[in-house]
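A single chain comes next, written as structure tokens; it is the form predicted alone.
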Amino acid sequence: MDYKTDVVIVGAGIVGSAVARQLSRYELDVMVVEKKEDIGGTASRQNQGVVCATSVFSMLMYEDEHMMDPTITNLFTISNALIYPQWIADLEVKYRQIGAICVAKNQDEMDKMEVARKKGWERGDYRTRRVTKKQVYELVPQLAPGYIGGYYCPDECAIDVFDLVVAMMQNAMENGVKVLTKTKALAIDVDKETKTVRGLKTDKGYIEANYVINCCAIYADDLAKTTGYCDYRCYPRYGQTPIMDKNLPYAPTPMVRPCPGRVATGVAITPTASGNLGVGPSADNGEDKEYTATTKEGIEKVMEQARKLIPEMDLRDSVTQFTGARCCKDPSNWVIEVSHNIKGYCEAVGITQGVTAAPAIACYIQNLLENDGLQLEPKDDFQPHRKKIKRFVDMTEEERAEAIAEDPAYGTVICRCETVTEAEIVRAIHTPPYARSVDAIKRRLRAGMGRCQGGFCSSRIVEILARELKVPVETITKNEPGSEIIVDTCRK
């Protein structure tokens, strides 16, 4: 099937979803193409969900200046101080302010952090301050002995990334954006004579478009090459991460991290929006963009590094482990621009902190497109608020009684660990962006994210999906095609 639109966004991760939401404010036809069965991309599904309030900790990684272009650095400041609070309020996304502390074990590390702090202050980032040894241990009493001080930012936030991506895309769809999942972008169609974008070739048909925006993360170079112009290489950095249980006695209040190294920020201990602890990630460069396996050695190494911060950390308290494939780029800089070679081609490439910068990147891309000649007429009827599924676990007793009276399915708890009801699952199936797999339900409602990891609720969710979609249970997948959960039914 062929389509026609004004703008097509390739990739429904956090950056692509943010761009879709921002462009949905205008009288445009916008379409999003995502090769996976659900939105969320790759890196956006597999991270600890921290909205960085300061760029100082990132500056510690880089001895040179090319990565810390003031324009890019300001994206952090603008996003957090001006844009993010309004987006979170409009979309009703779950988050909590946790703060973050970067601790030093010697004077060299303190000096290194002071240099980064001064660079941050020169660029208008005043959120990070130096703290003494006494203050460090007051902030994190569980911290291992031997640290002499640190730098603290009280404004760092933990956010539910799954909820954020779904909220942005849901709001975009409610404002007219079309989303094609299970659709792989094959090539950007370029008029060779005029060097102008004509559209996008996919495995599900042709999309005629005036603009193509490349938000493909680690796959961005593959799509860029089809234009004939690509001067960079994308590769994955694998991050193995144990997720710990809730309410652990040694859980810190702020995010705790060591002084970063040259390649990565180091293993951190992060309180999440849901109340779990995220530990990690590791940082191992690779070439296989589809690799997401965890290893015994890798997880043990992460925990070993974590125990240098908080000695009581115990892998037995982990409820699950995963590996995320973060986007890295060679040369290692962010590129957010409209192409100088191909009219109508735009890309956001090498974004290493998309959770933090996505709303600002979306606004920045809107400005780039407008300056490039795209007509942006605001919609009279743009609706900034999404229609959020009311979470049973967050309701008061009075609200629960009202919900059950309105829909008795609210009285049936399917996931006991996270208190997810049948009514919520049904609504997720029928609310855009529509959940069509067990993992899609998991991302929207946390069903299966508790201590039992879906041991009790998965079979019930399969039944509900099959019933609501009116398909055989054998066709319901965990995520992608080939991950069908039920092979056949037992018949007498």
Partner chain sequence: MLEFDVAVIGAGPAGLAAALAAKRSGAQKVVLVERDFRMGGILEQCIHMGFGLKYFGEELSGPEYAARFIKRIEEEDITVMLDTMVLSIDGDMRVIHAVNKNGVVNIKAGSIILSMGCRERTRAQVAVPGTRPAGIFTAGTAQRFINVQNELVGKKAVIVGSGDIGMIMARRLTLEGVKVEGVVEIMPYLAGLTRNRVQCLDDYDIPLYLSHTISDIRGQYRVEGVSVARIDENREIIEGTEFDIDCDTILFSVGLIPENEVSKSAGVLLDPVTGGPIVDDHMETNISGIFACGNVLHVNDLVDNVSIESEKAGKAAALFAQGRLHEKTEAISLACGENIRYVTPQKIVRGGQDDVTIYFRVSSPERNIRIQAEADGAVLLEEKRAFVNPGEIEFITLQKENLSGINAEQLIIRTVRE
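Positions refer to the first chain, counted from 1. All values reported here derive from a predicted model rather than from experimental measurement.
This protein has a second form, the form predicted together with its partner chain, left out of what is shown; the following refers to that one.
*Asks:* Of the residues Glu193, Asp231, Glu290, Asp380, which one places a heavy atom within 4.5 Å of its partner chain in the model of the complex?
*Replies:* For this set of options, the contacting one is Glu290.
*Asks:* Which pick from Thr294, Gln305, Ser339, Thr183 sits with a heavy atom within 4.5 Å of its partner chain in the model of the complex?
*Replies:* Among Thr294, Gln305, Ser339, Thr183, a heavy atom within 4.5 Å of its partner chain in the model of the complex occurs only for Thr294.
*Asks:* Of 361-369, 231-239, 163-171, 314-322, which is the one stretch near its partner chain in the model of the complex, taking non-hydrogen atoms within 4.5 angstroms as near?
*Replies:* Correct option: 314-322.
*Asks:* Would you please decide whether Arg25 lies within 4.5 angstroms of its partner chain in the model of the complex, comparing each non-hydrogen atom pair?
*Replies:* Contact with its partner chain, no.
*Asks:* Does Val413 reach its partner chain in the model of the complex if we count a contact as any heavy atom within 4.5 Å?
*Replies:* Contact check for Val413: yes, within 4.5 Å of its partner chain in the model of the complex.
*Asks:* Can Ser458 be called a contact residue for its partner chain in the model of the complex at 4.5 Å between heavy atoms?
*Replies:* Although its partner chain is absent here, Ser458 would touch it in the model of the complex, with heavy atoms inside 4.5 Å.
*Asks:* Within a 4.5 Å heavy atom cut-off, is Cys490 in contact with its partner chain in the model of the complex?
*Replies:* Residue-level check for Cys490: yes, a contact with its partner chain.
*Asks:* Within 4.5 Å of its partner chain in the model of the complex, which residues of 389-410 have a heavy atom? Give them in sequence order, or say none.
*Replies:* Sequence-ordered list: Phe392, Glu397, Arg400, Ala401, Ile404, Pro408.
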